[in-house]
Structure formats: C-alpha cells, structure tokens
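First, one chain by itself: the form predicted alone, in structure tokens.
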Amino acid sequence: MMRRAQPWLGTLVDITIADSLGAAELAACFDDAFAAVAEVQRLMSFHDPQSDVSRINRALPDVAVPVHAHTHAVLRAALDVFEASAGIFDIACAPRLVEAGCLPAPGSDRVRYLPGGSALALDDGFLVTKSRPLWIDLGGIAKGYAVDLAIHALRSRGVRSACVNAGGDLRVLGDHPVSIRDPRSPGEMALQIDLRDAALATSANYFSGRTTDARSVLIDGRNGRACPGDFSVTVQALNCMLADALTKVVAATKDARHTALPRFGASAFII
C-alpha cells in the first residue's frame, strides 16, 4: 500500500493505492489522479481570477460565459440539488461567505445575496448566463467532483483498490474502512464504516475552525444564515460530488432523512 498527499482545493488531498504496482506505474497513477484534482482547482477556484468561477462572477447579467465541460457538469449538479432541496443548497450564497470573511470579495462592486429562485442558466453549448448580479462559490460541491475525477483516473489505469480523501470528501475503489471524527473532539474517532466502491462526504464546522460563531462556512440557502455548531453530517451517495453537496442540505435542516436524499440515492447520519 502506497500513500501520497498534496495540498489542493484548500485542503490536503490524500490518495492511497493498495494494488501491487511497479514504481513507475504507481507514480503514473498518482500523477494522473493529482492532475485531475489540480484541473478542478484551476477551473473552479473562487480565488483564481482566471477560473471559470471568477469569470462568471465578474460577468455582467445576460452575458453568456463559456465554461469547461467539467465546470458545466458541476453547475448542472448544483442546480439539481438546489431544486431538490428547495433552495437550501445554493452556490449563489458566496456574498454571505464574503461578508463573514470566509472568502475575499471578487471585485470592488458589492453583490447582495438574494434567496429564492436560481438566477443562473446553463445551455448545452457549455455557456452560463446569470439574470442578475451574483457571485457563486463551488466550494461546497467541487471538492467532491475532484475526488470523483481522481478515482476515474485511477480506474482508467486499472487500479482496483484505492481511496481518495479530500478533507473528509472521499471515494474508494474496493473495500476500505473509513473513520469518522467526533465533531466535539476532532482528534478522536467516533466510529468506523466499511465502504466498498462507494463515496462518502462529511461536513462540519471543525474543518474551518468556526464552530461557535455565525461565521460558519455552512450556509442555509433559504435565508443566507450560517449553521454554526459542533455537529457533523456524513452523506453516502452515488458519487462524491452529490455526497459533498447534500451534506449542506442535512446540515441546514438537521434532518438526516431529508427528501432530497432518496432522489439522489443517498443516505445520511448526524453526529
């Protein structure tokens, strides 16, 4: 078993490969997997002025912005979860994260968060248009997508047993035990789960060190309010992208049986 870790997407991405491979083949597997994660950061970073996300945030209303197919796929999934959760998961809540000091303002003009219907439209030509000024942040879903791409890269090279973990958003090939931290004592493990060819995501305020104030990075899209507290939410889903997004729905509602979960074949628990 070999393990490598690199800093990407604001966290440490940890990749473990359990297959018996030669040194050169193993190195190529790690390179491909980390390259997939790096591609997601390049395209979807809120901080990089050249990313698709930054270009959307700077664009004027009704001006179509071309984006990469990966960005388009994540935006499509984000809008699907937005609809299924009745607006609880909303990538347009970035102004609230800027106000809380969790993200830098992407420009000198201020944008106010307006809960309600989505003001983002996608077309099949990979064009994105917004109907009013807004800022989006894909921090609540893109990390899961990066994990999915890394797993796809490993599978494409014939890897049969691996785990990709990006700060609690993880997916495994084969059988792997996964430990879940105790949110009230993050240095200790609360339980262990045996996963097989599955994806799991955990969200908690201890990841950002914002457990007790209103500056939680977990936002309820229905009203723009933070979701502070020393709890954690874990979601198992068909892929890590959906698991990542759905943790925010459960965190906002404290409902581990929210109606959005079965729509995506997901399940959840709260600690």
Partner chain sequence: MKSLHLATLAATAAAGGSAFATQYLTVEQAQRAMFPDATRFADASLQLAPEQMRQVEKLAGLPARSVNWRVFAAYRGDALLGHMVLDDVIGKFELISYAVGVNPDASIKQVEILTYRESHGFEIKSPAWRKQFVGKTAQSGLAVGEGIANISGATLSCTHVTDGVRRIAAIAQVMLKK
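Positions refer to the first chain, counted from 1. Everything numeric in this text was worked out from a predicted model, so none of it was measured.
One more form of this protein should be noted, the form predicted in complex with the partner chain, which is absent from this view; the next part is about it.
Think of it this way: in the model of the complex, the partner chain has a heavy atom of just one of Gly107, Gly101, Gly125, Pro177 within 4.5 Å, and the residue is Pro177.
Contact here is defined as any heavy atom lying within 4.5 Å of the partner chain in the model of the complex, and by that definition not a single one of Pro66, Lys130 and Asn223 is a contact residue. Picking from 87 to 95, 145 to 153, 74 to 82, 193 to 201 the stretch near the partner chain in the model of the complex, with a 4.5 Å limit on heavy atoms, gives 193 to 201.
In the model of the complex, Ser118 stays away from the partner chain, with no heavy atom inside 4.5 Å. Interface membership of Thr253, defined by any non-hydrogen atom within 4.5 Å of the partner chain in the model of the complex, is ruled out. Heavy atoms of Asn239 never reach within 4.5 Å of the partner chain in the model of the complex, leaving it off the interface. The closest heavy atom approach of Ile136 to the partner chain in the model of the complex falls outside 4.5 Å.
Contact annotation for 1 to 18: residues with any non-hydrogen atom within 4.5 angstroms of the partner chain in the model of the complex are Met1, Met2, Arg3, Arg4, Ala5, Gln6, Pro7, Gly10, Thr11, Leu12, Asp14, Thr16, Ala18, listed in sequence order.
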